[in-house]
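Form predicted on its own, single chain, as structure tokens, below.
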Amino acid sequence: MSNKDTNIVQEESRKFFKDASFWRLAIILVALIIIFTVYNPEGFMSIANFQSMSYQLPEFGLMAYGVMLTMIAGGIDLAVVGMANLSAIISAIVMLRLAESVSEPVAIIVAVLVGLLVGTLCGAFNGLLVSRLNVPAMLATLGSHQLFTGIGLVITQGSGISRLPAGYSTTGRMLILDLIPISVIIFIIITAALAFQLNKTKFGQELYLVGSNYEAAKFSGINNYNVLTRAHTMSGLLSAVAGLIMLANYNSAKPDYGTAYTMQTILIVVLGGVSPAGGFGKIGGIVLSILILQVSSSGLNMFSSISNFYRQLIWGLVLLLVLGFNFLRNYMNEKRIAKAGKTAAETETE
């Protein structure tokens, strides 16, 4: 390894170990694991419990990645659940129709591809609303969420679509080495791909620049329209993958599945260190936030005195606390920078 390569590795290592937000989340995760293990070691540390968490984690984790991409770009995507459900519904319908005339594997493959296409088109639609029509991202995606959910309700008449080919659910819930669900492997692969894209590609750099300063990015030659459209399109694709995983886990599709995931995805992204104002965020923080939310959710299930009805209340309070903490931290940093600038100016004057 050359001296230049060694310096690059050392610099990246210093950045990693100086990431206070990452280590703060890591400490929270370890603390939660210790607390729940001490409270119920046999229940929490069982293989069955970890597999249960593994099946659910990719569902809202992939949707959180979609919210992350759009938030880094300076917006937000509130339609991830709607896109996931609509993709799953249409995929289920195609699968059932084709299963009557072609072999089961062919029906499954075609249905999966159609589901991915539906999610991608839904995301592109959101991207056009935000980038071309200049509709605020929050309003555009909130409206499209209702649209996608409404389409799903019309198609299904409010009831679920079930009795899918057995091979789909069997494959979707398959365990690798009789231990790790295949959906977790998919989640890990997508995580690695996103990390590479954000850190090592031109699109990743442009995404951060657009989120940091939209006008400056525009004048620097970046095609802001394409960046925003691509971010929302990727969010739609990720939501479609999440929808297909839910379809396998529940062996059915319904327009109102995962209604609580919208709040959870926003909480994950903000807790993971992505700035609601755009331009900042690391995928490592998002991964830790996903694990924290899943571990805390599983741990809360062990407390019989805490009803599931309180879950949304808890997530809402945590989100407000995180936003308040981030605001206070930014305010203190701005004051410290202003004070340092004032001190430097006074020193130059003297």
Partner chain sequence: MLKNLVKKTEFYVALVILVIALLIHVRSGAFFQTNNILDILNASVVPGLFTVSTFMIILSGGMDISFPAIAALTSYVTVDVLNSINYEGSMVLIFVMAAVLGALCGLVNAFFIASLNLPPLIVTLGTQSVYRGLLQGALNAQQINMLPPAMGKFARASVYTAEDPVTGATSHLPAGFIIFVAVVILAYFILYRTMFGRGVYAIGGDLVSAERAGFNVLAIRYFLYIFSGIVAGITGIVRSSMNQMVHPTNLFGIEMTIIAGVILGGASLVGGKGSLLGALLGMFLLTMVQNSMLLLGIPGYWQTFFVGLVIILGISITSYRNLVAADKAKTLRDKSKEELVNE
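Fair warning: this is a prediction, and the values are worked out from it, not measured in the lab. Numbering follows the first chain given and starts at 1.
What follows is about the form predicted in complex with the partner chain, which we do not show.
Although the partner is absent here, residue 143 is a contact residue: one of its heavy atoms lies within 4.5 angstroms of the partner chain in the predicted complex.
By the criterion of a heavy atom within 4.5 Å, residue 162 is excluded from the residues contacting the partner chain in the predicted complex. Mapping the unseen interface onto this chain, residue 41 falls outside it, with no heavy atom inside 4.5 Å of the partner chain in the predicted complex.
Heavy atoms of residue 34 never reach within 4.5 Å of the partner chain in the predicted complex, leaving it off the interface. Proximity to the partner chain in the predicted complex, taken as heavy atoms within 4.5 Å, picks out 127-135 from the listed stretches 127-135, 113-121, 175-183, 206-214. A heavy atom within 4.5 Å of the partner chain in the predicted complex is found for one listed residue only; from 98, 237, 78, 227, this is 78. The partner is absent here, but in the predicted complex a heavy atom of 323, alone among 300, 323, 26, 53, sits within 4.5 Å of the partner chain. When contacts are defined as a non-hydrogen atom within 4.5 Å, all of 71, 147 and 150 contact the partner chain in the predicted complex. Contacts between stretch 262-282 and the partner chain, counted in the predicted complex as any heavy atom lying within 4.5 Å, involve 263, 266, 276, listed in sequence order.
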